[in-house]
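Okay, so here's just one chain, in structure tokens, the form predicted alone.
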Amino acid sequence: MTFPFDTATLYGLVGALLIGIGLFGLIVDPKPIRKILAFNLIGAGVFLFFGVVAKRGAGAGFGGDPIPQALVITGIVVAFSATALAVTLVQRLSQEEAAASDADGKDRP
């Protein structure tokens, strides 16, 4: 039995699936940490899809272009730092909300 897709097509489909799951999580889930994770999932899907597009271009007879690889690596670094900043901001917001609810004497939800 042979697999009906080649490797690049399979990676492209997985990238599209990651983008779809990330969009679903971003729209449906109200919790901020899960929204950050969903956004990272979208980013991973875009990076994978972009890598597949670069591979298809190289497979179609164009020379190996290092620019897509450099863009993906730079995007991964930027996404990691943006995620760290977002998690820190959400953690700080949670602490401020807890302190405000303690000062008001209300119970936290």
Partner chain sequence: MSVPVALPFPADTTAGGFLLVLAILVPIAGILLIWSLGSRQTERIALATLAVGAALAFAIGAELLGTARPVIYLVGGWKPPLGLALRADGLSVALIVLTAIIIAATGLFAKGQFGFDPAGPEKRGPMMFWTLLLGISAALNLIFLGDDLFNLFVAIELVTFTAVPLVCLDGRTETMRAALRYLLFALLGSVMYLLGTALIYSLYGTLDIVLLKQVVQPTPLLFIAVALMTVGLLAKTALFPLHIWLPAAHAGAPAAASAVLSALVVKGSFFIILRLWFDVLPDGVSQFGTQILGGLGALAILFGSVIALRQARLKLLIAYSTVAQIGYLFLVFPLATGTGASEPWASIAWTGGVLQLASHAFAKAAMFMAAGLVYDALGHDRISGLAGAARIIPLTFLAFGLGGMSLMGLPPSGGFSAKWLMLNSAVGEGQWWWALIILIGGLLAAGYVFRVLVPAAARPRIQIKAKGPVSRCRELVALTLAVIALAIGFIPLEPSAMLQIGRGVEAGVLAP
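Predicted model only: the values in this text are computed from it and were never measured. Numbering follows the first chain given and starts at 1.
Beyond what is shown, the protein has a form predicted together with its partner chain; the following relates to that form.
*Asks:* Do residue 28 and its partner chain share at least one heavy atom pair within 4.5 Å in the predicted bound form?
*Replies:* Residue 28: no contact with its partner chain in the predicted bound form.
*Asks:* Is there a non-hydrogen atom of residue 14 within 4.5 angstroms of a non-hydrogen atom of its partner chain in the predicted bound form?
*Replies:* Result no; residue 14 lies far from its partner chain in the predicted bound form.
*Asks:* Evaluate residue 86 for contact with its partner chain in the predicted bound form, applying a 4.5 angstroms cut-off between non-hydrogen atoms, and reply yes or no.
*Replies:* Yes.
*Asks:* Can residue 18 be called a contact residue for its partner chain in the predicted bound form at 4.5 Å between heavy atoms?
*Replies:* Contact with its partner chain, no.
*Asks:* Taking only heavy atoms into account, state which residues of 36-51 are within 4.5 Å of its partner chain in the predicted bound form, ordered by sequence.
*Replies:* Read in sequence order, the residues that approach its partner chain (within 4.5 Å, in the predicted bound form) are 36, 39, 42, 43, 46, 47, 49, 50.
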